[in-house]
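Take a look at this one chain, the form predicted alone, written out in structure tokens.
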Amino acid sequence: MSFTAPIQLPGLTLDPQWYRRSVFYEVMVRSFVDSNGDGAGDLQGLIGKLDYLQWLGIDALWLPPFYNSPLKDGGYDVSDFRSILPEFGTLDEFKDLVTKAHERNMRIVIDYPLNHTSDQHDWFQQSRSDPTGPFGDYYVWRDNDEEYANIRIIFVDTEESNWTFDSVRRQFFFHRFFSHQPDLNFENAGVREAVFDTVRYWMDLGVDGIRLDAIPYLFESEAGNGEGEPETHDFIKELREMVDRNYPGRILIAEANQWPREVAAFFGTDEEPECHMAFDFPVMPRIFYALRSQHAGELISVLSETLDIPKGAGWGVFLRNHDELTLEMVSEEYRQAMYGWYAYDPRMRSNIGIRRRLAPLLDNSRAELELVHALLFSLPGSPFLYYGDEIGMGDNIWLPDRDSSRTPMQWTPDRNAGFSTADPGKLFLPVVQSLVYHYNLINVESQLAQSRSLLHWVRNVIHVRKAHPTFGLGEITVLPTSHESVLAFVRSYAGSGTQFGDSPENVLCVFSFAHNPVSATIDLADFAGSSTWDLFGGAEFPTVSEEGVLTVTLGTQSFYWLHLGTPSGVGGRP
């Protein structure tokens, strides 16, 4: 497979807010390409597919943990933050990946689970064996398991307590996640400095950003609930100040599975900034709810919530990723409805969520896949794609835990889906061979050969989005509509007047979640008399009435992106 990538000068653009206009792609190194035939993906394999990712329109790669690890939690249980798991490659290969990505104007964001380590980490082994030594206070140790009783258990399906007794030290250690992942003690200045040193280490190697995994849980207190404590925010402010001072243009991304206002706190303020980006968790389950309920009300409510965030801060929006589709941010009634629609088989569930990929969740409906991608790419913030979702990859619910949606990338209809030359039985996970999602049918090679394939459609939407700065930089105004199944909003951008030539633009985005064609009127009082033009093909649509009303007819589960005003910049052309 060959790709004709756009010609450009090597190196990165100098836009300090590059992350606000970027399309991110989560690529699990172990699952992407195996270059040496050992059955597991590696850094060299990823390097070999950078042309594909550039062709697709990806601006930045997010790499989940590739550090040394016992791999009890997909690599999020780290045993050494400065070394690479040998099966993934070497430090020199990682440097090569950064260099070659930068040559294609693509950036590298790595994952940093700074809240905890593996119990196999040398720090923990020394802490448990030598309580009075230099690492004795690196973790949260107590003589009993009664402290922090008000802090919730996250993995309710596997853990009965946030405390585990250690037979060597004869004390209990605290952990917010699995019992093999002890929490670091951020009250210890040595721990805080070790985190700073780790960030410096990887940024010195050229990484462009760091996703701060489980960021709310760094500090605990008896008065609080262990989520977003004041000391946690103080620490992040110090980290941000160091990054801005020593590594301008690099970013920190907050992973905080909380309500919008709590997540927004991790942006900090204009005077005291914290993270450059944060994931928007509450929007995601409401998209799936709207698809089945045919009611956009909950989604409208979340999108209408006004949050004051610092200038330059950006949201990260997504449909799926390596974790389960979390249902923590919804009511019990809402959760049960989601289980009934999307996880009717208990094997499809994990913790408080659903462990399925995007295409199986939507029953492989092309209309729904297009609708949710169009919504994703038009929401405020930067979209994060999950590897394989651009071709509609399936999952394997017979695999344990979250492995169901971490199977090898499907490149070709050949053996092992083109992922590896190894004996099929040697693969770290089997390739998908289910009836509908078999790698013979769903793969990059076959979709490249079909101009109407999902892959080509997703690529086209990405490139149309990239041609219009309003999607990355603009404001959102949710509009009243006459139909409960229809969501409408305007993305407005005043233009920056920079050397990039950004000009003012308003784009009306309309989405119908109805399972049959509908007609709806949209209140566009601020745009009375404006003409409308399709952003993809450039066709003229009805003009907004002088009363500020626009009537549109939408097919089953369909959408429009309509440019408001003159026809310049439509038809996918900047």
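Values in this document were obtained by computation on a predicted structure and should not be read as measured data. When you see a residue number, it is the position in the sequence shown, counting from 1.
What comes next is about the form predicted together with 1-deoxynojirimycin (NOJ), which is not displayed.
- Each of F155, D213 and H322 comes within 4.5 Å of 1-deoxynojirimycin (NOJ) in the model of the complex, counting any heavy atom.
- Only one of T232, N416, Q181, S79 lies close to 1-deoxynojirimycin (NOJ) in the model of the complex, with a heavy atom inside 4.5 Å, and it is Q181.
- A single residue from the set D395, D389, D119, E255 has any heavy atom within 4.5 angstroms of 1-deoxynojirimycin (NOJ) in the model of the complex; that residue is E255.
- Residues of just one listed stretch (455 to 463, 377 to 385, 399 to 407, 90 to 98) have heavy atoms within 4.5 Å of 1-deoxynojirimycin (NOJ) in the model of the complex: 399 to 407.
- In the model of the complex, 1-deoxynojirimycin (NOJ) stays beyond 4.5 Å of every heavy atom belonging to E220.
- Residue contact with 1-deoxynojirimycin (NOJ) in the model of the complex: E368 places no heavy atom within 4.5 Å of it.
- Among heavy atoms of F177, some come within 4.5 Å of 1-deoxynojirimycin (NOJ) in the model of the complex.
- With a 4.5 Å cutoff on heavy atoms, D208 does not count as touching 1-deoxynojirimycin (NOJ) in the model of the complex; it lies far away.
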